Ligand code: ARG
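One chain comes next, on its own, written out as structure tokens in the form predicted on its own.
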């Protein structure tokens, strides 16, 4: 599989430049301002070598089912079952095939051994996890790549799978920065944390000891960036992002409710200008700016994934974790017919792709990818 993972080499003469049609403006090698401009280049993750995340202090805050605790405590740090990984890899290959058939350049991470235990002065952990979800690790805004500080100890070194690609993009002109590397000491987490029961006030496992966020806790809408607190993102992380981006951007915290919050893209998703997809169970208040500007607020239909389908890392609402190829084309999980009908009614063109096995151990199409270049300019939509 080595040929699937391009590596950087000295110099830039071997790297193909982005293709541009006649009369088409030439955008930077890294250029992503929203979720819907025409997608030209993307990183797709891999399940090669993926491990069950080792049990740690943040796990209770993210696992929706109590019975999973024993599974993670017993099998954390070991490979996922081969048949599940093989099925997930087949689905990723299907996704890659669709993207390439739609004219998108696909890049893949560098193979990385996550099985080694590691320690810092503040913690030690049995292993890493995987490189299946680049959206969690790299926040691409405009022409810059921001390495997220990551809220889980087991994902502390996950950036390494993307270093070769980041170096390549940097040499070709992109800005590349890492958020402050976190300590992830006991001070970073609430001692004795217990996840809330349904109906209790939302709370997260993170303290405000240091800035923390995963890249997937944020979603782009031109000059406005929307972020939600989660088991990986605290208010200091949101503040850091606003100060880093500066006056050219406005970072908004979205009010959500989830007993086990993690990431925003299965909760709150601006699909196209004037069209906001929300999770009706989690979004308690849509920011006034959307209503004031006349956006259509689209409620994601109830997922059709069978209740019996094994889900180890997320909920069935991963169905709304779609990937926009432009303002109309959207990749949707095969089997989610109700959502696809709704998307057609809303003016989109759904492209079905198998994903349930990948969702079992990872996430959805938005999780499995990170936009590197979309054909568009920075705009304000409010």
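Positions refer to the first chain, counted from 1. Remember, it's a predicted structure, so these values are computed and weren't measured experimentally.
One more form of this protein should be noted, the form predicted in complex with the ligand, which is absent from this view; the next part is about it.
Q) Can residue 159 be called a contact residue for the ligand in the predicted bound form at 4.5 Å between heavy atoms? A) No - in the predicted bound form, heavy atoms of residue 159 and the ligand never come within 4.5 Å of each other.
Q) Is residue 31 one of the residues lying within 4.5 Å of the ligand in the predicted bound form, judged by heavy atom distances? A) Judged by the heavy-atom cut-off of 4.5 Å, residue 31 is well away from the ligand in the predicted bound form.
Q | Partner contact for residue 331 in the predicted bound form: the ligand, 4.5 angstroms, heavy atom | A | Because no heavy atom of residue 331 falls inside 4.5 Å of the ligand in the predicted bound form, the answer is no.
Q.
Taking the ligand as it sits in the predicted bound form, is residue 153 in contact with it (heavy atom to heavy atom, 4.5 Å or less)?
A. It does not: once the ligand is placed as it appears in the predicted bound form, residue 153 has no heavy atom within 4.5 Å of it.
Q.
If the cut-off is 4.5 angstroms on heavy atoms, which of these, 314, 59, 50, 42, is the one near the ligand in the predicted bound form?
A. Partner contact (heavy atom, 4.5 Å) among the options: 314.
Q: Tell me, out of 266, 139, 131, 88, which residue has a non-hydrogen atom within 4.5 angstroms of the ligand in the predicted bound form.
A: Of the listed residues, the single hit is 266.
Q) Candidate spot 64, 262 and 367, all three in 4.5 Å heavy atom range of the ligand in the predicted bound form? A) The answer is yes: all three residues contact the partner (heavy atom, 4.5 Å cut-off).
Q.
So if I measure heavy atom distances to the ligand in the predicted bound form, which of the stretches 346-354, 50-58, 32-40, 314-322 falls within 4.5 Å?
A. Only one stretch passes the 4.5 Å heavy-atom test: 314-322.
**Q.** Interface residues of 201-219 toward the ligand, as seen in the predicted bound form [heavy atoms, 4.5 Å]
**A.** Residue within 4.5 Å: 216 only.
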